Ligand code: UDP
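Presented below, as structure tokens, is a lone chain in the form predicted alone.
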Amino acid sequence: MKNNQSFPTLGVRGTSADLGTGSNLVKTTHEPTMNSRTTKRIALISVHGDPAIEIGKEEAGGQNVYVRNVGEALGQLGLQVDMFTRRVSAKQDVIVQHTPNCRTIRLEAGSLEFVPRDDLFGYLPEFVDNFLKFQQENGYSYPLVHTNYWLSSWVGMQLKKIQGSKQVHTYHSLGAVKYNTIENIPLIANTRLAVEKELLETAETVVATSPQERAHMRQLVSTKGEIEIIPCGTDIERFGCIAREAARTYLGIDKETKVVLYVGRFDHRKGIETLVRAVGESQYRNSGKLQLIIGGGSVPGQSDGIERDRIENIVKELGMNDFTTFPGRLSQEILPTYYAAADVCVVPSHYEPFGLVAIEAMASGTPVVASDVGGLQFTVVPEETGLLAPAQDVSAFSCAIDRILNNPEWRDELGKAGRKRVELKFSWVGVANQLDELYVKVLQPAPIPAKEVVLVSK
């Protein structure tokens, strides 16, 4: 990754094994304080989603993009931002400096190897231990922690109990929603649901990225707790910086080709099979001018690679090899070019609390066809910036894709409207400013109740 500076490894290891209240963790006496903006220190915690890792790798998707960009944007505002994640390899640098005010810090928790997120809960006490040790070795504590995903929320709740850190949280996905969309419920499900409920009821504020996500929290998690809507963002300067014809020339795609694009991880819940079957039903299938691009990473032997193999087999069975390409992991440098080259970007997820890919495509001037679920109902405006279709409905997706491919002029109108919507609502600078205002509010000391004065007449 460009412009990253490495620092020597720190000896941060812990031994805690308790999964309860964290009572066996080292207590500290640091009290949160509110300093000037130039010295205000914030911790973003993302245990399984490494902000410094290459996007598209196993367990690297929208959450990683969110944490990295929020951290860097907050750093530009003058905050000192440390982003904590789990170290998965001895080859990884412990500290990666992204900008003068923003860095990723990798803490050990369990063996130095990749562990699927559903198997990480048992390592969290060691993560907490090493977080506390890092603070102690550096002589400061974090007055506020912004946790991401339910695993990190447990870490944040322990830090609240141990040292009084204020906690802001972003779920990124809700167990109550996820478990309604999958057949095999993991053993950790009950623990996750309990943690997510406790978090909503005890954190200072939970950030919902869309009105739909807030509604799900209230309906499925708890009626208690503070919720504030602050959407995800995107880099409006990087996306939308190249025209369609130039992008196609660079990628070697004919200007007359109808290009359908998918970007993201290979995960069953991302609905890639729906997309493949929908394109297989397109009226352009036998035109010789159709190209389906499925961009994303894969790790052999892990869930990401297994799902890619399954999708490739479906493509082969449907006889779509001639017009389907798998370019692999798309770097952040080349990604804007792929978005710009496409006629339509499809986001067929079974569920998305927000959907970063949708706004990246819209920022690139490319219309979106997305599942009519979750945050995608907020980011995509039907008939204005793209179209929505029922999740897993192959025929509906095929019809929506063809509507856009059939009308290049309307495609361009949708693209322009999408770009305008992103500029107005979804820039990272705007998101960071809203979060900074929230942090200031959370860190304000509670007002001291006025004492009642009783006047006694003589």
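This is a predicted model, so every value here is computed, not measured. One-based numbering along the sequence shown.
Keep in mind the form predicted in complex with ligand UDP is missing from the figure; the text below concerns it.
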property	result
In the model of the complex, the one of L151, I272, L330, V221 near ligand UDP [non-hydrogen atom within 4.5 angstroms]	L330
Contact assignment for ligand UDP in the model of the complex, among G355, G71, P367, G156, heavy atom within 4.5 Å	G355
Among 118 to 126, 193 to 201, 356 to 364, 83 to 91, the region lying within 4.5 Å of ligand UDP in the model of the complex by heavy atom distance	356 to 364
Ligand UDP contact in the model of the complex: S398, any heavy atom under 4.5 Å	no
Contact of G296 with ligand UDP in the model of the complex (heavy atom, 4.5 Å)	yes
Interface membership of G240, ligand UDP in the model of the complex, 4.5 Å heavy atom rule	no
F131, heavy atom within 4.5 angstroms of ligand UDP in the model of the complex	no
Heavy atom contacts to ligand UDP in the model of the complex at 4.5 Å, residues of 262 to 294 in sequence order	V263, G264, R265, K270
